[in-house]
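We've got the same protein chain twice here, in two forms, each standing alone as structure tokens: structure 1 and structure 2.
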Structure 1
Amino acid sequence: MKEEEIKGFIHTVTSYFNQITEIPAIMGLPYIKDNKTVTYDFTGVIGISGNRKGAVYFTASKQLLLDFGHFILGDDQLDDDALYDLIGEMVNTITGNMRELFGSTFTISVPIIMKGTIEDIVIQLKPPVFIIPIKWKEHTCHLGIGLE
């Protein structure tokens, strides 16, 4: 991946959090995924085809999703089904907005949603997979990007 592509993802994520919540998300320094990279309570994965191939995933804690969901739905009591939908919508929106950078042949799949830390499930992305750490309010999450 090129530096401007990573910057494009960072801009998309910061804009998304700002537009929805008016609370800025702070991006950490991107790094290459290793075996110490964790997943959180919920993970949404989007497959990419077209001019680029690979996948993008977003992983977040249940509490982050509950707090973020309050801004979208105005509800503090979201069940797991609502959180599945929410993380799917988040990864779908972030990845879909990247079409501006990658063009109309940047085709995204329907999100696959997983609950729980997924050390036993390997997200197979062509290396290197770039991780963009995100801090929003007191929560941490990250976006993983593996594109050819």
Structure 2
Amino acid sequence: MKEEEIKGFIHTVTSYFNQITEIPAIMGLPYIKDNKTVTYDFTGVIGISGNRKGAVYFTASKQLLLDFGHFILGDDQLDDDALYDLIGEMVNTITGNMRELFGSTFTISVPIIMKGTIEDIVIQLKPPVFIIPIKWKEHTCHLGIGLE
């Protein structure tokens, strides 16, 4: 992946958090994923086809999703089903927004959602997989990008 593409993902994520919550998300230094995969409570994966191939995943804690969901739905209750849904919507929004950079032949799948610790997300990810750590409020989450 090119540096400008990584920057594009970073810009998309920061804009997303800022637009919805008006609380900035702070990006850590991106790094290349090794054999170990760090995931939080909920993980959403989007498959990519078309002019690029691979996958993107976003993983976050339950508390981050509850806090973020509060900005969308106010005081409405969010159960685990809603959090599954929210992580899928977040990864869908981040990845879909990247068509602005990659063009309309950057085709995204509907999200696949996983809960709990995942030994390794290898399906569809094309190495090298770049991890972008994100800090929002007191929470940490990250975006993983593995595209040919």
Partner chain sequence: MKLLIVDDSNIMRRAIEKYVKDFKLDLIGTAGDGEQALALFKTHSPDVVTLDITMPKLDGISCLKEMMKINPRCRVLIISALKDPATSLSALKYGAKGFLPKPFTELQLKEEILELLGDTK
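In this text, rigid core is short for the largest set of C-alphas that superpose within 1.5 Å between two forms. Note that the structure is a prediction, hence the values are computed from the model and not measured. Numbering runs along the sequence of structure 1, starting at 1.
Note: the form predicted alone is the first of the two, structure 1. The rigid core superposition between the two structures gives a CA shift for D76 of 6.1 Å.
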